[in-house]
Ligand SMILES: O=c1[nH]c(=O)c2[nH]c(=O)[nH]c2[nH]1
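Next comes just one chain, in structure tokens: the form predicted on its own.
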């Protein structure tokens, strides 16, 4: 039996970078975690230990810091594009570079004072492979909740089903989203696009009467593609952050949907991709209206 080397890659993970722009009276702060992954003609280093084509991961880390000084850090997508293209262009053995970025938010308190923002984290992944460049932006940690306007009923029942149907529940999730751009390039209005996609995700969550979290996921992805022409597809992961009604009858109290226990595990996890298709095959827009007459 012949044994061969399969797909492989290497790089520097979780490079912590903080850059302060002191050229303006109101300092600008960027706080990133950057990852670099390289792939290409690296067979010899695996089979014989020949490192002549290996750029040390320490050099990759140093490049992140040097580029932050040389080019600054404004939009994470542009910073990732510069890094990924540099590694492919400067290293003959490297045919693919992937740079992942997570931007940690800070809220301004004054000209040079900040407080860590506990809201969602902005993310980006840039992949350069030959002539192809793919940019994906995203976010994690966006916590959303509807206190009504959600039901769950009509599902499959088997001998192990104990979950009661409900026509009025709390729907909560912590959104993890990524979206791929069509024809990415340096200098695009990444910040405006990010804000627009986030607004579309939140708007669809708020305005969709939900009969399942799957329906809500599709409505959110559909809203992004319908309003942001630069986006080619959206991937979403929505954990169902369950809020369970507390039984207060032992204390002689009713509970008309007011007191809940919020649980963090186990949880349902709904994942899906919403993408563009030819016009004749495209799905209809989601039904964002409320329940029909006679429903609760």
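What you see is a predicted model; the values in this text were computed from it and never measured. Numbering follows the first chain given and starts at 1.
Same protein, other form: the form predicted in complex with this ligand, not shown, and the subject of what follows.
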*Hey, of 109 to 117, 213 to 221, 128 to 136, 70 to 78, which bit sits against this ligand in the model of the complex at 4.5 Å between non-hydrogen atoms?*
213 to 221
*For this chain shown on its own, do 10, 36 and 95 all sit within 4.5 Å of this ligand in the model of the complex, going by heavy atoms?*
no
*asked:* Taking this ligand as it sits in the model of the complex, is residue 63 near enough to touch it, meaning that at least one heavy atom pair lies within 4.5 angstroms?
replied: no
*Looking in the model of the complex, any heavy atom of residue 270 within 4.5 Å of this ligand?*
yes
*Given that the partner is absent here, does residue 152 sit within 4.5 Å of this ligand in the model of the complex, heavy atoms only?*
yes
_residue 183: touches this ligand in the model of the complex, heavy atom cutoff 4.5 angstroms_ = no
*Would you give me the residues of 154 to 174 that have any heavy atom within 4.5 Å of this ligand in the model of the complex, in order from first to last?*
163, 169
